[in-house]
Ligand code: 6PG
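As a starting point, one isolated chain is supplied in structure tokens, in the form predicted on its own.
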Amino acid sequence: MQYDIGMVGLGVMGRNLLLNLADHGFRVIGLDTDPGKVQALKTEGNRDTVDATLDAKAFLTAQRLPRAIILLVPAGKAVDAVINKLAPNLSQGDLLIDAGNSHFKDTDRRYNELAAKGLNFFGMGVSGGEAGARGGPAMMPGGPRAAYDRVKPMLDAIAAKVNGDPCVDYIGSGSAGHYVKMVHNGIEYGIMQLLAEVYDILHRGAGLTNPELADLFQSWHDGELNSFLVEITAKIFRKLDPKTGKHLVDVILDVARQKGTGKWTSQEAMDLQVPLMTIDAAVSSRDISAYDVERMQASKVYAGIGTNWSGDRAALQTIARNATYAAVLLIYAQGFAMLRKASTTYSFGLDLGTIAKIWRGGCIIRSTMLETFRTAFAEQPDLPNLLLSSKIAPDLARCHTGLRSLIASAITLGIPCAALMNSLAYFDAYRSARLPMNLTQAQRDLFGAHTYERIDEKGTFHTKWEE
């Protein structure tokens, strides 16, 4: 039997994607160095069109030409090791698809190295977790267009669907797929931090119980804040710990780890000189959470700072909903603005409307907002920022006062809210016709003769300020 597609790496994600393909009528074969994982695929697949092996040569021989092979191994050296092992035995025109979270610059390098050998290489972002891989993820493939057309029917079949549209499409050339997934993960960091801050204000600040929070977040999900992250947050507040009988969220350590994709997004945004204030704050918030011993000491040193909530809890919940809506919208706006700049800088050829379409379903940041964004970009393909869209501006005009009010409450309570604050700072800076950078220019010129520009005359100028 000649198999349609192969998978290297049969962990949960790889196995689930392969079984998803098999469910849609494709013949699949997997490769892994772990006999247990090979056997697990054979057992769960349990059909003639699913196979797995420990033998790389047998794996390649079993596939029809030109081959299509997905790699789902840890980012970094493992990806290069697999490529180096397979490449000498591949045929011209074969396609390798790295579906892990590789850094886009590594993807560019691999793309160029394999192109020189007549091989096609894709970086494909995959979002949706284990359940998404099995039931329908969102996928962001970037690389040679002709090679994409060959695997398009398979990817369309296994992707999540929204209104019948598959949540996958060709993203762009080179490392575009992994770049878009990186920004997706940055947006994910931002929204998660935002929701954590709103929870902290409502729970620690205003005393809402976990059941009350569960009902509140569920009502938000049932309304205009319909999204995967809001939905699972409501579920988290209901979950009880079988060991203690307490709500599980209350016995989880308050230290958040990270694998690096959020940090990559912030670092890359700084290189592009694109403001990504909320996502930067989310990365820093995870960093400071790791200082738990010092935080405990500081809480004793500065005991007594802040106040208890004494206002109307129902009114605060309404304010929190509007603040969350405004801040989430502003996080998306920052992410899409970064993609706009990156598309020009790296010649990716990104279509932001297509990206919004893909993100509507299957992925971690899926939200009903994305349909509005898709429509906005369809009507204005060159829209530089979502905040300039007539479809978005009325929502921000309606909700930004809630964001201001919630931040004011957090400040009074002494509760940190870096993502909320930075979302508002981004909005206020973006809508300001004049910023105080005239003073910054003057300072730089005074201490370093860096020159400055004028509002009434073209060119650069220098003043001897001390004379």
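Note that the coordinates shown come from a computational prediction; the quantities given were computed from them, not determined experimentally. The first residue of the sequence shown is number 1, and the count goes up from there.
This next part talks about the form predicted in complex with the ligand, which is not shown.
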* Scan 373, 359, 121, 189 and let me know which has any heavy atom within 4.5 Å of the ligand in the model of the complex. => 189
* Asked: Within 4.5 Å of the ligand in the model of the complex, heavy atoms considered, which of 285, 261, 210, 354?
  -> 261
* Quick one: does residue 93 come within 4.5 Å of the ligand in the model of the complex, counting heavy atoms only? -> no
* At the 4.5 Å heavy atom threshold, is residue 221 in contact with the ligand in the model of the complex? -> no
* To do: Give a yes or no for residue 129: in the model of the complex, does one of its heavy atoms lie within 4.5 Å of a heavy atom belonging to the ligand?
  => yes
* Residue contact check: residue 101 to the ligand in the model of the complex, 4.5 Å heavy atom -> yes
* Run the contact test on 10, 15 and 134 with a 4.5 Å heavy atom cut-off to the ligand in the model of the complex and return yes or no. => no
* Heavy atoms within 4.5 Å of the ligand in the model of the complex: which of the stretches 176-184, 200-208, 154-162, 81-89 has them? -> 176-184
* Partner contacts in the model of the complex for 441-467 (non-hydrogen atom within 4.5 angstroms of the ligand) -> none
